[in-house]
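One chain comes next, on its own, written out as structure tokens in the form predicted alone.
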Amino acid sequence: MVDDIILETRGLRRDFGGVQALRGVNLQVHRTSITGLIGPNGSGKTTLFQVVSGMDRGGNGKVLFNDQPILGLRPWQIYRLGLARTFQLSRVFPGLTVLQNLLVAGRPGDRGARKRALGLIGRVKLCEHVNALGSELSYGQQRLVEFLRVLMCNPALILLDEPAAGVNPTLRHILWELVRHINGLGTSVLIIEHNMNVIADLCDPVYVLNEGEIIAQGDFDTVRADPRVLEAYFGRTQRSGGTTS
């Protein structure tokens, strides 16, 4: 059903001086799902996020969010529609406190913003750091703060770009539990992640992107057994009882 789809790309393309980073990508994120996006380095995953979120406005094709065309809109316009994202590298404001980092992402005049921010900070066990500057936090704590910040406006869909990269195991556990929590409250998630155990545990469905094209989709067990996925990741396919490289 169309109503069940919160984000859809149709024939999405992005060229850089003749280099095709995205080659007609067709992808759907169903409402309240945690959808995984995997693929080798350089396959176009972050480029896809850049185009969908409006950070890169050079894409061609269609991007529909809640059945509304958003390709070409500016990032703040897309954010206001309810689509938020994180980045591969942490982007906290180093000169602001943890609380201030969250409040700047709230809606102007929202009297409940402070209460919501403190509640989010408490959920990830950062209460003792509420007045610490962003520059004083560990890298993993900065990643958590960045994630909390995108939650301040209650987005309908969040794009997570390798959110656990460089994060220690304890904070990774807190992060994944938070992803499950917000998804349980109805927030849809599209996540890029290289840890296949996390993808297997969290995501259904999973899309595999390689050289700018979707080469497989389905549940994790289905895509990991696909010969095209094996070829993309390992440079080999299974053939008649043997392995070729």
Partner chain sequence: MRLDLSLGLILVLLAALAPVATNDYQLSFLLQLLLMVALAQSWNLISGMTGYVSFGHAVFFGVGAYTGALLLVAGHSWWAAVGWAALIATALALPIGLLTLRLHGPYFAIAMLGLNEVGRTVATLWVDLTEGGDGIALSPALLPALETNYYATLFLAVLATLAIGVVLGTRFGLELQAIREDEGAAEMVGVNTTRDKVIAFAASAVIPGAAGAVYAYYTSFIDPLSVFLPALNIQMVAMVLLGGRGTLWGPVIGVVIVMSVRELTWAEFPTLHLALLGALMILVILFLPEGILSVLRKRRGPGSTRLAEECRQQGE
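Numbering follows the first chain given and starts at 1. None of the values given here were measured: they were computed from a predicted structure.
Beyond what is shown, the protein has a form predicted together with its partner chain; the following relates to that form.
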* Structure fact -> If we test each of 174, 164, 156, 105 for a heavy atom within 4.5 Å of its partner chain in the model of the complex, the one that passes is 105
* Any chance residue 170 has a heavy atom within 4.5 Å of its partner chain in the model of the complex? -> no
* Should residue 28 be counted as a contact of its partner chain in the model of the complex, where contact means heavy atoms within 4.5 Å? -> no
* Asked: Is residue 99 close enough to touch its partner chain in the model of the complex, meaning at least one heavy atom pair within 4.5 Å?
  -> yes
* Contact of residue 93 with its partner chain in the model of the complex (heavy atom, 4.5 Å) -> yes
* Asked: Of 30-38, 215-223, 200-208, 48-56, which is the one stretch near its partner chain in the model of the complex, taking non-hydrogen atoms within 4.5 angstroms as near?
  -> 48-56
* To do: For the stretch 126-142, return the residues whose heavy atoms include at least one within 4.5 Å of its partner chain in the model of the complex, in the order they occur.
  => 127, 128, 130, 131, 132, 133, 136
